[in-house]
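Take a look at this single chain, the form predicted alone, given in structure tokens.
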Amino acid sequence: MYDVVIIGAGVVGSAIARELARYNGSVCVIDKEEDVCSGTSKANSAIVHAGFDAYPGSLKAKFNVEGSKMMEDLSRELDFPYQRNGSLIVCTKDQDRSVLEQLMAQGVENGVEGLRIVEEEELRSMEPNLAEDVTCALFAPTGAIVCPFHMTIAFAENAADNGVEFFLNTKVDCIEKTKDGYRILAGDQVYESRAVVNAAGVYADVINNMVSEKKLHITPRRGQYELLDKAVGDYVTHTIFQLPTKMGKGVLVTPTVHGNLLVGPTAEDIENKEGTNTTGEGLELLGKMASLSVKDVPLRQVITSFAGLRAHEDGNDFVIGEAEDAKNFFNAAGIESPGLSSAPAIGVFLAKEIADKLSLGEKKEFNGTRKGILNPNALNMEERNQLIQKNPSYGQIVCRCETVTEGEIIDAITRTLGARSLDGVKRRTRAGMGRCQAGFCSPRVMELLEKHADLSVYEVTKCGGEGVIVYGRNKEI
């Protein structure tokens, strides 16, 4: 029997797992996908929000501000990309300036530091490519950008290195209350646990409603994005927000930590919890909406589009903590924006709640640091030559667009919770994220997966499931 079973290996589930690894207890994470970071955590705006737009007193406000303050130190401890570039919430001549003042007052009440309203002349010097109608903006210097893949994977790897077990490709079918806790049925597997953490994203209502009479209802809110080439990655330097609406923070334009430009998201409530397809109407809307804040967005430089689902709970706030009628069943549900920013603080809070409830003492041997995949591009020429002499695989370029080497891909496959699919390699190394979108490098990545992941090339998939890529050999079909 486990002390704690966590359902969901996204950023929140992985953050909770990492924090629980600080305590003396047996913990495992179950996820229906083939890799961590395969749901909402892989398809979002990659923004660390400052915390001015959440309603004071809400869980969103509390965990957003706390999580944002933790992020820079965490990025150093766990070695994932983070950049504090600041956010601008712009107001046009046809909009009500008082909304900015309300947002600033709200942010101050939430504990956000450094907020101020910037007038047009200074604003144009900060961002020359803002739309002509923009007259002023709320500046949040603590706003930042991050890599959500590396962040989630870092939490999960560090948790695993500290003893947390991960069971992927494992879909929860049923949860039963028992005398000692819970029995979780997943296919032909049974997991017994004293406590359960529900961090199942858009499926968190389904999981909660298996054990609690206090029902949750989550609506998948689809957000579509376009990613632009690095050639225009500096078109803006801050994250440019529009005035928020009841559907969210609107379409933003932002640089990414990897040097691209990102535009999105749309906001569309749908019923399908797997509805991550893009639509022509949605992508067309992106361009129109982005032009309200940034002029002449270079959309001819789009290299890919994608969509993610936000878990919008009817109460319009996070649902965090023990269910009233289900002892030792802890929810981390309704985690929509600012969920990525809030994840570290949610992890600390819930881990402490669970450890206290189960009387789990702290580990003396917990190691809170982790080293990411070596990036040869970050080395100077002398260091790189020494690396290649020591390990020639770092001299073999596999992904030309992102200059990813064979050595990096082998590391991604063979390390803790290593990649087992093309997307798993892509999220860890960026092989396949460039202009050609994996058109050149996929065959070699598949060969490396076959060699180092103990997979047949006929078993390699893009992102798990039954969607294999190779069905046979030439002249045999």
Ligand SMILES: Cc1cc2nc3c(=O)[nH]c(=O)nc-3n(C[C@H](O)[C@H](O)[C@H](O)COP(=O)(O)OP(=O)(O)OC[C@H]3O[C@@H](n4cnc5c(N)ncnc54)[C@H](O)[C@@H]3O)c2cc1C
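A residue's number is simply how far along the shown sequence it sits, counting from 1. All of these numbers come straight from a predicted model, not from anything done at the bench.
A second form of this protein, the form predicted in complex with the named molecule, is not displayed here; the remarks below concern that form.
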Heavy atom of each of I7, E33 and G308 within 4.5 Å of the named molecule in the model of the complex: yes
Select from the listed residues C91, A199, L261, V251 the one whose heavy atoms reach within 4.5 Å of the named molecule in the model of the complex. A199
Which one, S293, N208, S337, S87, lies within 4.5 Å of the named molecule in the model of the complex by heavy atoms? S337
T40: touches the named molecule in the model of the complex, heavy atom cutoff 4.5 angstroms: yes
Could you confirm whether F149 comes within 4.5 Å of the named molecule in the model of the complex, counting heavy atoms only? no
Given that the partner is absent here, does S341 sit within 4.5 Å of the named molecule in the model of the complex, heavy atoms only? yes
Can you tell me whether I47 touches the named molecule? I mean in the model of the complex, with a 4.5 angstroms heavy atom cut-off. yes
Location of the named molecule contact in the model of the complex, chosen stretch of 117 to 125, 101 to 109, 309 to 317, 400 to 408 [non-hydrogen atom, 4.5 Å]: 309 to 317
For 167 to 183: residues with a non-hydrogen atom within 4.5 angstroms of the named molecule in the model of the complex? T170, K171, V172
